[in-house]
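This document starts with one chain, in the form predicted on its own, laid out as structure tokens.
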């Protein structure tokens, strides 16, 4: 064996040993996401991973993607995951059931979920009241999109028994509408923009904008963010802080960079048609929370919505401060 070969082999062994030791030292965390990868309302998770922010914090993140937010929320309450990217709805529902969850990072302060209708029904469906008795899609029954759909229809006089709501997933909204499984659906980008751009659907209500959100709900609407069980926050505050640090960095990075840059750093399979992806995220940009802080005002809007549809009577009696925990974000924001 030549001297050069011996040196190369020794370096390779040392490097492998360092990699194994580094991997062993990383803190493991089971992290659920309430959608398929690439959803606009959880894009901070994808960007934090792609930019290496989880690794920089010394985390070994086991991302588990669920069909919809309700499934991820159930997994969080049930203990199969420790934290989840989800809507604040699941914190509220858990509270009603005597379970303690908290939203600790905000991703979106608007729903970011357009209501899109199959183009063939353009002359028949002019408002949510025209969906009475027709099959309409949400990501999953019991999810945040389910609540939004029920509220928009009930606000225009549609009774619960007149609603025909079907779970169609997140990335499967396109075939659900194209194959006439549903006449309309409330979904997330980039999939909604794909439908509209190809002429297969049109927007009825655009909850990606503050204008439409305030018109429907009367104010900001706390939507997605990072949720954790209260017992995990208490037992593993160091892990929680590391995850929050990574997500706050992702929110800051998003605020400082154009959408085109987001597309560059993400895996190509998440972006797909680059032009359509960029168009969809530009349309969704108003929804994102640059400072990462959930607010009492926006949470109260969600509580009013639950109460209005009759899902949680007296929901507005809940204290919004008992549903969010901003300590970790505030500490992350103090870092350079």
Partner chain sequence: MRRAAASLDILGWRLLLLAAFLLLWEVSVRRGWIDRFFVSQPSHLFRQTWDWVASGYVFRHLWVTMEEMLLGFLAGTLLGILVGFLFAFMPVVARIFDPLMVLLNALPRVVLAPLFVLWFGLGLLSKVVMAVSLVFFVVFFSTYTGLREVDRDIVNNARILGGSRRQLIQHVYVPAAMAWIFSSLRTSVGFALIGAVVGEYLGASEGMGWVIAYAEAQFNSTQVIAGLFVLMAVVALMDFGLKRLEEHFSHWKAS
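Treat the numbers as computed from the prediction; the structure is a model and nothing was measured. Positions refer to the first chain, counted from 1.
Below, we turn to the form predicted together with the partner chain, even though it does not appear here.
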| message | Is it the case in the predicted complex that 194, 265 and 272 each bring at least one heavy atom within 4.5 Å of the partner chain? | response | no
| in the predicted complex, does residue 164 have a heavy atom within 4.5 Å of the partner chain? | yes
| Contact label in the predicted complex: residue 254 to the partner chain, heavy atom within 4.5 Å | no
| query | Taking 4.5 angstroms as the cut-off for heavy atoms, does residue 311 touch the partner chain in the predicted complex? | reply | yes
| said: Against the partner chain in the predicted complex, would residue 220 count as a contact residue? Criterion: heavy atoms within 4.5 Å. | reply: no
| query | Out of 126, 211, 99, 261, which one falls within 4.5 Å of the partner chain in the predicted complex, going by heavy atoms? | reply | 99
| remark: Only hit among 158, 216, 204, 94 for heavy atom within 4.5 Å of the partner chain in the predicted complex is 94
| task | Report the stretch among 196-204, 110-118, 176-184, 237-245 that approaches the partner chain in the predicted complex to within 4.5 Å, counting heavy atoms only. | result | 176-184
| task | Could you list the residues in 71-86 that come within 4.5 Å of the partner chain in the predicted complex, counting only heavy atoms and keeping sequence order? | result | 73, 74, 77, 78
